[in-house]
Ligand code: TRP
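One chain is shown next in structure tokens, namely the form predicted on its own.
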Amino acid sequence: MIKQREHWGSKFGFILAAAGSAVGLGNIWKFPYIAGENGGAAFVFVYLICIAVIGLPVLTAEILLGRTTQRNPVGAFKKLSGSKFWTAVGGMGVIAGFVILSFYSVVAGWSFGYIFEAMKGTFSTFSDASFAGEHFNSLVGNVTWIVGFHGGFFLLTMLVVYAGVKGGIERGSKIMMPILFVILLILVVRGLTLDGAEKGLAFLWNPDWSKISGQSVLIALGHAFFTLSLGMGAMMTYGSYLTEEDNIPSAAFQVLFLDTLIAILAGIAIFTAVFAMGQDPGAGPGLIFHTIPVVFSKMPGGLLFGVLFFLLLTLAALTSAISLLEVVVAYFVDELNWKRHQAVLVFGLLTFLIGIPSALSFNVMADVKWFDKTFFDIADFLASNILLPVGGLFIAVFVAWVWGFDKAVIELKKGAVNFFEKNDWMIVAWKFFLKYFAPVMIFIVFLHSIGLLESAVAQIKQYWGLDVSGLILLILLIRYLKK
């Protein structure tokens, strides 16, 4: 008897779930500070271009692979290629989801724990960021605290995935995403009504083109790629629960729009409050746990808004974590015929246990290092700097060059015939960016992320006299002429 595959109850449910996968910790704290550090509105402009020409084409391709095959990443590549190499590429996506979730849950646990810190009124004792930083270090140095909230967050993740696609992930997304959006709007309104909020808006939105450099463009490219959860199989797995009646280009654009909108609103909420309370906007990654608690300690009604902020951060992390666990679960359900409940319990527990050394990297295992990196650092580097960009690169190459663009377009038009009759130019644009532009740019981001780009550029300049932009144009020209 053929097992009936689960599907989304509605397109709206898929969009909210996929947007939830894309919206994570990076949207709430990483995007605001990298935008502020790299030219404000000028960086946002560059980022929007990057997300349109790289993020959207690859996102569309990944969702399409899932829907066409109705399989997880391993099954998708296996079904369309029959090749062991490409099947292994799919396996790399499953491994990426497993590794990322193991340490992502630790960081999400910090946010989960800070909901209770805010409720206890702990923030009111912070006079400046140094005190908040000391308190944060004492918490993550406490094994019981950090492992406990890592476990609590993971239990929430498992409960949602355990309930299934429609009854768990879709229903949970329909509850959590609107709550997340409402909380964010409340924080935006509160930030805008504070005295001095205009300084925060100026920091984020006044374009400073002098700060736009090759480095800032690479940062924008990298964030545009990573923010959409590309390369880890999450969007492919979510896409596999779609039907042929669903319009993939429209859905992909809506996911991208929601992801970007939430990142921008988070920037407004954070920096209006930071400037109004006279705190340092250049705190970088420490902004959330060192600076923001001090902001709430000085803000009227800070206890309530502190609770809301860390609830927002936890919900964003939870919607992403759910998609990561689903990638692993879908593989065992599809390929090895495991029951969903069995897969969630076994691999949820296993991923939690693998995450414990990452949690201990901030206390009892802080001095245990390989290549001068803790267990947490190694897991982060392996997933973020290697597995994700390589996975995204292979997805673009596979759809455009291996599976075949003509076959891909036939599948893409299912559910979107009327859409492409009015927007046939989008097929041409998708082909160019997916086939020529995205692979080159993702490869450059990969070199940058592992620290090899600078030496590669030096060699190219020495022998060819080209900078990075010249090399990109040359590669694109050669590929186009060989078409």
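For every residue, the number given is its place in the sequence shown, counted from 1. Just so it is clear, the structure is predicted and the values come from calculations on it, not from any experiment.
The same protein has a further form, the form predicted together with the named molecule, not shown here; the description that follows concerns it.
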Check your understanding: Considering T157, S229, S105, N72, which brings a non-hydrogen atom within 4.5 Å of the named molecule in the predicted complex?
Key -> S229
Check your understanding: Among V165, I219, I288, L388, which has at least one heavy atom within 4.5 Å of the named molecule in the predicted complex?
Key -> L388
Review point. With a 4.5 Å heavy atom cut-off, would you call T237 a contact of the named molecule in the predicted complex?
Key: no
Check your understanding: Can you check whether T351 is within 4.5 Å of the named molecule in the predicted complex, heavy atom basis?
Key -> no
Point to revise | the named molecule contact in the predicted complex: A22, any heavy atom under 4.5 Å | key: yes
Review point. So in the predicted complex, does any heavy atom of G415 sit within 4.5 Å of the named molecule?
Key: no
Exercise for review: Heavy atoms, 4.5 Å, the named molecule in the predicted complex: which of 37-45, 436-444, 417-425, 22-30 makes the cut? Say which one.
Suggested key: 22-30
Point to revise | Partner contacts in the predicted complex for 312-339 (non-hydrogen atom within 4.5 angstroms of the named molecule) | key: S320, S323, L324
